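Coming up is one lone chain in structure tokens, specifically the form predicted alone.
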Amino acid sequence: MSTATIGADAARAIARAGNEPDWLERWRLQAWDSYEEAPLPDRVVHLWRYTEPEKFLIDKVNPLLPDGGEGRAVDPAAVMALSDKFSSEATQNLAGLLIQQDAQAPVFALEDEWRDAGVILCDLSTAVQQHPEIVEKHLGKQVPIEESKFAALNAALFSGGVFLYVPAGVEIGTPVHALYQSGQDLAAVFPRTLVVLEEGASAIMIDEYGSAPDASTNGASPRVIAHAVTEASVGKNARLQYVNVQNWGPRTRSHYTQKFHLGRDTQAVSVGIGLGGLYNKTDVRTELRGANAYSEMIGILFGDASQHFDNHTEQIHVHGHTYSDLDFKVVLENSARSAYTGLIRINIDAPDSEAYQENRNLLLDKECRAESIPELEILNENVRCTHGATVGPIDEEQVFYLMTRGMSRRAAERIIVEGFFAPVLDRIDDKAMHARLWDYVRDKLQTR
């Protein structure tokens, strides 16, 4: 693993290290040009009013280059043993696992049952070599270079990455887990995930970002700038359950973009878990492009210390007879900050659509602050839309009641926070996934 001077040469070096085809190198260079030419987002624009785009510039850090190794396919049981984050029962219920640290060659495994069925789980670099026709067809189609300045930066400099492909009619009943960790100080990293589900396919995926201690900082969390992108193409009558876990270290600045396109009779459940990172900006959009498409967007955010979170969601109804539902819950303590902006847009050609949006914020301390801005853009009258938002402190009567039963204040607050998050997490039907998500939340609660 090495670093590179920021510029087009870095994009070329990544392409050559991965022996990428000409079309991908050209795409990277176009992306770099777009990044350089695009201005920084204007703070006057409402989606950036709470966040400083300068925080995500990479002029004082180094983009990491791949080490040139090939992904190491190993026995699934050996890979599962690398992760001790979950209970043994949940760990045994994985269909596959991919682990990557910085730009090192990833370790990945997939159960034989799904490999024999045509499922592909590997890093994007391997996918480009072994399945170029699939990658070229879908890469950058949901999150194009023109999406934003920082999306272009990811396109130019991503390495490794995650690729999940499920062929038509194949239904994976247990989760696939991808874990990306950054452990080098003063580095810029660019995780990218591409998910492709063909007609009638289904998959459950956990995509986790985290930090590992860096020896050069005496075990402290590394200072990292992360620009991550996830895009998913979900075919007709396919079903995707995707969970993104932002569990970065306390000195990471993270910009994350996620876009899904849903076809006819498609179902997608998108879950965002925001726990880590110092300064975070997240943009999540789902476009319902076919009749009877269904989108469920679930958000859990728990901020403490001086963490900053800025989340923006979009529910875009392109086609009629589509349904979307969003439930986003935030808990803050100490001097943490959260800004949430949620847009529902129903196009003029999308009659008989239904959309719901709810954002609730629980403040545990007087110094923390939350903003909630729901937005509606309804261009067709024959629709049903509702939205709601609340921001308020913890109920002192509830705290007092629990303390009279012998609990400390912090124990009482933990119970209240669990009760606040429970209605959202309980919407996850898969038992293994449900248990994993509670593990994330409870791990954060235990550090209070």
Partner chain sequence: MSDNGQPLFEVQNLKVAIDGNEILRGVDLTINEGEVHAIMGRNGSGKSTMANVVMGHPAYEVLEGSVKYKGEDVLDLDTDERARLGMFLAFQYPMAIPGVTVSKFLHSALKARAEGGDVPVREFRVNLNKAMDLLGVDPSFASRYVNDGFSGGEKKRLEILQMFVLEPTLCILDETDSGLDIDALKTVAEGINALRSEQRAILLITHYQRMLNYVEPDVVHVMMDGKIVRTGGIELAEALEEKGYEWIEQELFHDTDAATAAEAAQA
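Residue numbers count along the first chain shown, from 1. None of the values given here were measured: they were computed from a predicted structure.
Omitted here: the form predicted together with its partner chain. The next part is about that form.
- At a distance threshold of 4.5 angstroms between non-hydrogen atoms, P423 is in contact with its partner chain in the predicted bound form.
- Contact check for R405: a heavy atom falls within 4.5 Å of its partner chain in the predicted bound form.
- The shortest heavy atom separation between I415 and its partner chain in the predicted bound form is within 4.5 Å.
- Contact annotation: Q30 falls outside 4.5 Å of its partner chain in the predicted bound form, judged by heavy atom distances.
- Just one of D42, E36, E52, D395 comes within 4.5 Å of its partner chain in the predicted bound form, counting any heavy atom, and that one is D395.
- Annotated contacts: Y401, G419 and R442 all touch its partner chain in the predicted bound form [non-hydrogen atom within 4.5 angstroms].
- Of the candidate stretches 381 to 389, 407 to 415, 53 to 61, 22 to 30, only 407 to 415 contains residues with a heavy atom within 4.5 Å of its partner chain in the predicted bound form.
- For the stretch 333 to 351, the set of residues having any non-hydrogen atom within 4.5 angstroms of its partner chain in the predicted bound form is empty.
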